[in-house]
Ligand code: HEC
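As a starting point, one isolated chain is supplied in structure tokens, in the form predicted alone.
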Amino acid sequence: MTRDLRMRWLTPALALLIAVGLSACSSFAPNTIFGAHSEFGHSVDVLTRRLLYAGLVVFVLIETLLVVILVRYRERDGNREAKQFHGNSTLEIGWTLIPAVILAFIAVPTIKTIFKTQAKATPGALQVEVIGHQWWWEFRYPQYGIITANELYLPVGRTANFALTTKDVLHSFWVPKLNGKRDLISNHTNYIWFTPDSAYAWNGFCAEYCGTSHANMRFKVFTVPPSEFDAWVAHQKTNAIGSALPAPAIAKADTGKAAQPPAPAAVAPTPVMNVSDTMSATFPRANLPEWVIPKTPTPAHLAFDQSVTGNVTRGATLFKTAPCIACHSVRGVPTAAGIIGPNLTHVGSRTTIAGGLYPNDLRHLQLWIKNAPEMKPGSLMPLFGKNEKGATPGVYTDQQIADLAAYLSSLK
């Protein structure tokens, strides 16, 4: 091989090696399946690594043998023509048995892991009904009578058993760091369970193409200590603050500083729920890790009059007669009993809107109400802003939308 030819191959090889090395520099990857934080995830993690290492060994052996044969038997001056022959029983038996042995090493641990992860959940597990919609997630806790959307709270150390169904097309429930992944199939209920082992905040996704906004169908998972989960449950069962029937006062024991989670991992600080700060028993937004905060840009041409200030009282009055109540429910507002869209009880305490696509703040909420289809392609929520172009004409001014957004933000 000439020097020029060697350099031609060496340059891209070095570039590839450097790229691979740099990609491994990060000490924490929030959406990887490796280093899972549940026993389900640990089982899948061990199996995956075992198969990767076994595959690496086979790859190295085969490629080494291939290179040796290519070099040793390459064309040379004076070589005799290769002798042709037909059939070799020893070789044929060998290359049949060796793959069979390799497949056995793959099949046995794989089948064991399948049986382990497909077994029924332990008695006393937390029951969660997961319902997929285009394009948002509904979470029901039948043991507590709670319905919420796009944010899943789970207690650390307690097995959660998920019953997965869909209201429309196929979806797939997936939390990479907890390794829970299972399809949601029409007219069928699938099940999956896992036990979170640490308090943290995680990203969840739909992993089955389900239409226009498949990539925008996200959710958040908050694994919290049992005491904080109990506080969250107690608060979710109350009427939303700002609704027609004000929320009952939280007991003094529940309004103090919540118990601190276990010591944080070396990779990042563990978010801490502080009930006294939020008055809603949810993760304080200031402590949310960077990777769970959505950074989706809003449509550049979608504007809102920032000079208007929303009024909660006017917004509450408008909400009770607005089309919102045909699709959404709010605990404490009798007229709001819709089941088409997400349940809006305590929506003001959630960290995201639009199926996890945008942060839950006044600016994004105003734009979402004004023109949801523009904010999220394929959204079934109609636009409400006047002079906005869409399938149906909008009816509300920016002032009215600001009032609605102020009211919804107050539902904590």
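All of these numbers come straight from a predicted model, not from anything done at the bench. Numbering starts at 1 and follows the sequence shown.
Missing here is the form predicted together with the ligand; even so, the following discussion is about that form.
Of the heavy atoms in Phe384, some are within 4.5 Å of the ligand in the predicted bound form. Although the partner is absent here, His37 sits far enough away that none of its heavy atoms falls within 4.5 Å of the ligand in the predicted bound form. In the predicted bound form, Leu47 stays away from the ligand, with no heavy atom inside 4.5 Å. Contact check for Leu408: a non-hydrogen atom falls within 4.5 Å of the ligand in the predicted bound form.
Checked against the ligand in the predicted bound form, the candidates Ala163, Cys327, Ala234, Leu302 yield a single residue with a heavy atom inside 4.5 Å, and that residue is Cys327.
A heavy atom within 4.5 Å of the ligand in the predicted bound form is found for one listed residue only; from Ser43, Ser349, Ser379, Asn371, this is Ser379.
Using a 4.5 Å cut-off to the ligand in the predicted bound form, each of Trp135, Asn150 and Leu344 places a heavy atom inside that distance. Partner contacts here mean any heavy atom within 4.5 Å of the ligand in the predicted bound form, and among 221-229, 108-116, 327-335, 187-195 they occur only in 327-335. Residues Arg350, Thr352, Ile353, Ala354, Gly355, Leu365, Trp368 of 349-368 are found to place at least one heavy atom within 4.5 Å of the ligand in the predicted bound form.
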